[in-house]
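As a starting point, one isolated chain is supplied in structure tokens, in the form predicted alone.
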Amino acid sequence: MKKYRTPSLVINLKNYDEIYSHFSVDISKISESIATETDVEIIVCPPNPVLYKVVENVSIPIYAQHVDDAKIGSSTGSIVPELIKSINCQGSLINHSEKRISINEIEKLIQRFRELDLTSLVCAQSIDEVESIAKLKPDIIAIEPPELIGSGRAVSKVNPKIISDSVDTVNLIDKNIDVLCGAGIMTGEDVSIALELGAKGILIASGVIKSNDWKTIILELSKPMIKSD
């Protein structure tokens, strides 16, 4: 059973200095208030050093930004899935463009996540990679062309075909896998187009974190995801 709802707005805080100290909690609380107001699924991915603090302070789903396929115990410096599970973190990004891992590691992590009832959100850069990852049966695949990440040029406008092709490719393999898109998403219009192309949500970072008004931009991005009765 899925532990998340769609459409989903996934906010990756990365390591931007705007979210240092208590600000990771602040933006997560803002996200929580908007999720409550709109009934949109908002998921926040804080840096690992503040993960536990954020999980303790909000009730919305919180994911890690990265985990390692390392063993429990003598694996100094690694972040293991069992550890994030122990603090009630509900999932993690895997294979983000800024933290790429091998397909073999991806497969092992997806399996560990499945056993732990954690949500696996695996990032892909191309249709070929989407296909390879879909065969491993993660919960979610996020298509993010690397050349558009942080560019302010929305993938849904610049390269809409990669979204629709990703959705079609995944549906041919397993219709239970949800497809998100990211890279350059900045506005509610960008989100609307992505949803029309078949995406079940978006993965965003700088478009939110670098905004001067977190509440306004998160609300704008959420509005196209509000389900009408």
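Values in this document were obtained by computation on a predicted structure and should not be read as measured data. Note that residue numbering begins at 1 and tracks the sequence as displayed.
Missing here is the form predicted in complex with a small molecule; even so, the following discussion is about that form.
Residue contact with the small molecule in the predicted complex: residue 191 places no heavy atom within 4.5 Å of it. Heavy atoms of residue 134 never reach within 4.5 Å of the small molecule in the predicted complex, leaving it off the interface. Contact check for residue 24: every heavy atom lies farther than 4.5 Å from the small molecule in the predicted complex. Put simply, residue 211 is far from the small molecule in the predicted complex: not one heavy atom of it is within 4.5 Å. Picking from 158 to 166, 182 to 190, 25 to 33, 55 to 63 the stretch near the small molecule in the predicted complex, with a 4.5 Å limit on heavy atoms, gives 182 to 190. The candidate spot formed by 6, 120 and 178 lies out of contact with the small molecule in the predicted complex, as no residue has a heavy atom within 4.5 Å of it. A single residue from the set 170, 42, 204, 51 has any heavy atom within 4.5 angstroms of the small molecule in the predicted complex; that residue is 204.
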